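Below sits a lone chain in structure tokens, taken as the form predicted on its own.
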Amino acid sequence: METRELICIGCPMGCPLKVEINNGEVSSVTGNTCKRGDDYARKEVTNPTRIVTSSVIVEGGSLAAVSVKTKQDIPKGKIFDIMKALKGVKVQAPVHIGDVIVSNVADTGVDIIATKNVL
């Protein structure tokens, strides 16, 4: 049996979690004060995912760059592939919140979207 200790990021409480894993499967989660903690712990030890944030260059806009993020969480192992795919990306102003900047980034099936308006 393997035991992993995590700090939950599901809400501002930051509960200390203890996850017991048997044969690659979660057998128990303790320390959480809500269901989100249990869900987070199970996902984090079996299939960790992240939201990736960055910025890309804007040409002809009021700002030189726009903040962007993945529309959904992606497998943690794809972070560097996504950052590599964003290198050198340039968009033309105007850019609006929610605009798709890169579709299906790094073959994840997830889009990169703008998180700020740049006129």
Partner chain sequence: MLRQVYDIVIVGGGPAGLAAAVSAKRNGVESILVLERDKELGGILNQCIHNGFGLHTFKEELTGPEYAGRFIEQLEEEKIAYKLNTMVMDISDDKVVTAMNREDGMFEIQAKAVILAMGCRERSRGALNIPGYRPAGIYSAGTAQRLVNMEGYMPGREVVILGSGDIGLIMARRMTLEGAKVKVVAELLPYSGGLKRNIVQCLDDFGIPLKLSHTVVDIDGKERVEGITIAQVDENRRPIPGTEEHYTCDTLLLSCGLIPENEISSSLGVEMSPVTSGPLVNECLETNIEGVFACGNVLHVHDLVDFVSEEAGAAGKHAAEYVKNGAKHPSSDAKDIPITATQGARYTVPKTINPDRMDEKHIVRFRVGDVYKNCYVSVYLNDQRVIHRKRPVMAPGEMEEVVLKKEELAAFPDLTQITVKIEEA
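Every value quoted in this text rests on a predicted model; they were computed, and no experiment measured them. Positions refer to the first chain, counted from 1. For clarity, a rigid core is taken as the largest C-alpha set superposing within 1.5 Å between two forms.
Beyond the structure shown, there is the form predicted in complex with the partner chain, which is absent from this document and is the topic of what follows.
*Asks:* Since exactly one of Met83, Ala93, Val26, Val89 fits, which has a heavy atom within 4.5 Å of the partner chain in the predicted bound form?
*Replies:* In short, Met83.
*Asks:* Indicate whether the partner chain has at least one heavy atom within 4.5 Å of a heavy atom of Arg42 in the predicted bound form.
*Replies:* Because no heavy atom of Arg42 falls inside 4.5 Å of the partner chain in the predicted bound form, the answer is no.
*Asks:* How about Asn47 - does it come within 4.5 Å of the partner chain in the predicted bound form, if we only consider non-hydrogen atoms?
*Replies:* Outside the cut-off, so no.
*Asks:* So, in the predicted bound form, is Ser54 in contact with the partner chain at a 4.5 angstroms heavy atom limit?
*Replies:* Contact with the partner chain, yes.
*Asks:* Taking heavy atoms only, is Gly109 within 4.5 angstroms of the partner chain in the predicted bound form?
*Replies:* Gly109 lies outside the contact set for the partner chain.
*Asks:* Could you run down 18-36 and flag each residue that has a heavy atom within 4.5 Å of the partner chain in the predicted bound form?
*Replies:* Only Arg36 sits within 4.5 Å of the partner.
*Asks:* Under a superposition restricted to the rigid core, does Ile57 display a Cα displacement of 2 angstroms or more between the shown form and the other one?
*Replies:* No; Ile57 is a residue whose C-alpha shifts by less than 2 Å between the shown form and the other one when the cores are overlaid.
*Asks:* Just checking, between the shown form and the other one and with the core aligned, does Ile9 shift 2 Å or more at the CA?
*Replies:* Moves: yes, 2 Å or greater.
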